[in-house]
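The chain that follows stands alone, in the form predicted on its own, written as structure tokens.
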């Protein structure tokens, strides 16, 4: 048991070290990790070639080229992106982030690179005419945005309720479907989405509320060199007209220029063919996470299960405590703790993929440990007594008599846990892992075809789960033969 524990610990540590090594730059060129919310067109989104584009991304790319640094882009939800910077998992964030006094307490901001205003929008067939009509109704807002801040500031005055979303497309769909009656957001973002086919109408296009400014941000007191490079590069592109070209490129052009939303690309087949690479990449990441999660969580779960039936009270208590803790923690909370919270305590970065695998090991392993322990305990006590009466030690009796019978009892539970692990990988999109669910979110933010994209994602999951179930049933029959 000690050898297995040592092997698992060494493997996990090696996984972190290898990932750290792979991300290290081979030369002296500065390389930074930059986070963004890639569901925020026209500032941050994926184009029809699955490249990250937008006003923010073009500005960053041009500045990096002029200032001689490289960067690795990490797309995730806005809140996760900002927390990645404060926990030193990322060096900076550019995501249409409004500069506020509250944020200045934890971030250092660049020179403002865009001035915007807040607008509010309703569905095209809405009967809402003024803010007074929102009284008693629900308004959808996106967490962490200036639109959300403004909505909350006038909520009491106009008497509406709020519901929160992490991505823009889901928020818009909530309003279109009538679950919410309105939303508040940055005017250019709303206008771009409407140009891209979103069935909303802006109520105050010529008179936006509370103009604000966007800025590139780093952790307060950190990455001064990166911030200085951004400011210097921004001053140059502003002076020579490059900045205006970038802004006009996205605000003046048709959305289909970047998204490829032509008639044939809005069909199911068109979406599949135009996003084939993205779907395949997302599926590969999901399968890789699932295989590694299943394998390592099974090892960890078996160890916990064996510990749970140990004759030593301390060992049994330790296993029970571990299972209790990690079964009780919501998986998303655990993922955020490992990826964002833990690096602050241990002093070095944990790559998102590694954090995701560790999350699966701890969470799925706890559930596995519970049914492994139950499987061993389900073997008749007389089996152990008979083995001991024949002179076998406790350890030998466990390996030769109890474990083989217990494993056969556990096979259905292992099959169920495999399927659960596959589905749970979708939760890891919250920390920026580009698996199948996150892939769907990025595609929907680009083409606004939510129903068709999520139907495709659902079918892919069902196919993979069906194949996994067939394989598991085959293994179950083999073990019973």
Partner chain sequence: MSEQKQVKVHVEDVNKSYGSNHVLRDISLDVHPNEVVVMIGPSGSGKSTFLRMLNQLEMPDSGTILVDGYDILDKKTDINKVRENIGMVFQNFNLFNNYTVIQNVMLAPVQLGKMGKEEAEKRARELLETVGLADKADMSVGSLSGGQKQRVAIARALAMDPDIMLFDEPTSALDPEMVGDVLDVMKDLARSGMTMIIVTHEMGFAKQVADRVVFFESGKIQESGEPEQIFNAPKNARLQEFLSKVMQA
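Here the structure is a predicted model, which means the values were calculated and not measured. Positions refer to the first chain, counted from 1.
The form predicted together with the partner chain is left out here; the points below concern that form.
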Each of 381, 387 and 405 near the partner chain in the model of the complex, meaning some heavy atom within 4.5 Å? yes
Report the stretch among 373-381, 352-360, 75-83, 196-204 that approaches the partner chain in the model of the complex to within 4.5 Å, counting heavy atoms only. 373-381
Checking 315, 392, 342, 299 against the partner chain in the model of the complex, the residue with a non-hydrogen atom inside 4.5 angstroms turns out to be 392
Would you kindly say which of 152, 106, 396, 251 lies with a heavy atom within 4.5 Å of the partner chain in the model of the complex? 396
The partner chain contact at residue 283 in the model of the complex, heavy atom, 4.5 Å: no
Is there a heavy atom of residue 401 lying 4.5 Å or less from a heavy atom of the partner chain in the model of the complex? yes
